[in-house]
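Take a look at this single chain in C-alpha cells; it is the form predicted alone.
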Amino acid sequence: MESKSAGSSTNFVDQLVYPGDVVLDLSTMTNQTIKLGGGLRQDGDVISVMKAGRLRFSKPNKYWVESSQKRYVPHAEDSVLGIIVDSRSDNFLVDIKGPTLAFLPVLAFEGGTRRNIPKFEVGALIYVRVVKAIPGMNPELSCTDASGKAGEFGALKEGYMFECSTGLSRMLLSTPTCPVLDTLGKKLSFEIAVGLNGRVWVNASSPSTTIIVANALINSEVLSGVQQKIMAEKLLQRVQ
C-alpha cells in the first residue's frame, strides 16, 4: 500500500507497538509517498497498528510491523534451517517448523545426479531454500540458489542452533545490519546462518564465543537498536 505523506516519524520506529496505536499522522507531515507493509492500516490521515509487534522502517520510505510468531508459514524463496527427519529414494523429509514436513529432492543440489546423491543422517541441520509453498501441500526445498549454484546452502556442521520467533529471524536479516550483529561482528569472529522459519545457527572457534553470540541474539528481540548496541558492548567487555 502506498500513501501520500511525509518525512519520517521516528517516535515509534524500532519500538513495540500494539493494535490501535497511531504511529503516523499524515496531516502533520510534508508531502511525499510512503509505503505501508504488513500490520498497518490507513484511516484518513492516520496510520494505525493492526497487530502487536515492533514497528520497522527501511529507507527510503517503508514502514511495517514485524510480528513475533512461533509458527512458521512457508513462502517461496525463503531461506530456512531444516532438520533431516527421514530419507526416501527420491526425497529427504525435512522439518522446517511449518505445518507439514518439506520435501528436499535428492537431485536438488548443485550438479546433482543419481551418482552423487548426498548422504544425511537423521537430525542433520541444513540451510535450504523454499522452492514451492502451496497451501495444503508439502513444501519443496532446494540446496541451490535460483541459478543452480550451492552458494550459502548446504549442511551446517558443528556450531549451535537455537529456535526463536520469526520476528527475531527477520530482524537479524534486516538491512542495514541490525545493531547487535554489527556490534558483535566488529570484535568477534563467528559464522551465522539465519532461517526465516525461526532458527538460527552460530559457529565460532571457541564454545564460549558461540554462547556469547547466541545469548546476545536471543536477548536482542525485545530491545531497541540503541539498547541492542549497549547490551552487546557490555557482553564484549566481559570477554576482553
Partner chain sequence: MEQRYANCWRLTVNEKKFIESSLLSELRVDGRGSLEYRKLSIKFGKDNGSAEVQLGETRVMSFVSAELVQPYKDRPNEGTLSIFTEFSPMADPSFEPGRPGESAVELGRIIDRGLRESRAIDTESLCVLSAKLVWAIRIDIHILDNAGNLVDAANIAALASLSTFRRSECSLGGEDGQQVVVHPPEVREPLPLIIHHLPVAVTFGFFSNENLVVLDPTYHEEAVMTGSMTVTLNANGDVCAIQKPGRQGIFQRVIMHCLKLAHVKAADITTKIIDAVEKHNIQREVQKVKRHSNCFTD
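None of these values were measured; they are calculated from a predicted model. Numbering follows the first chain given and starts at 1.
Omitted from view is the form predicted together with the partner chain, to which the following refers.
- Interface residue among Pro176, Gly44, Pro60, Pro207 relative to the partner chain in the predicted complex, by the heavy atom within 4.5 Å criterion: Pro207.
- This chain appears without its partner; in the predicted complex, the one residue of Gly159, Pro105, Pro118, Gly151 with a heavy atom within 4.5 Å of the partner chain is Gly159.
- In summary, the region of this chain contacting the partner chain in the predicted complex, judged by heavy atoms within 4.5 Å and restricted to 167-175, 36-44, 51-59, 211-219, corresponds to 211-219.
- Taking the partner from elsewhere, Thr144 is found to have every heavy atom lying beyond 4.5 Å of the partner chain in the predicted complex.
- Interface residue remark: Gly111 is not counted as part of the site for the partner chain in the predicted complex, having no heavy atom within 4.5 Å.
- Remark: Val73 does not count among the residues lining the partner chain in the predicted complex, judged by a heavy atom distance of 4.5 Å or less.
- A residue is said to contact a partner when one of its heavy atoms sits within 4.5 Å of a partner heavy atom; Val131 fails this definition for the partner chain in the predicted complex, lying far away.
- Contacts to the partner chain in the predicted complex (heavy atom within 4.5 Å) from stretch 118-132: Glu121, Val122, Gly123, Ala124, Leu125.
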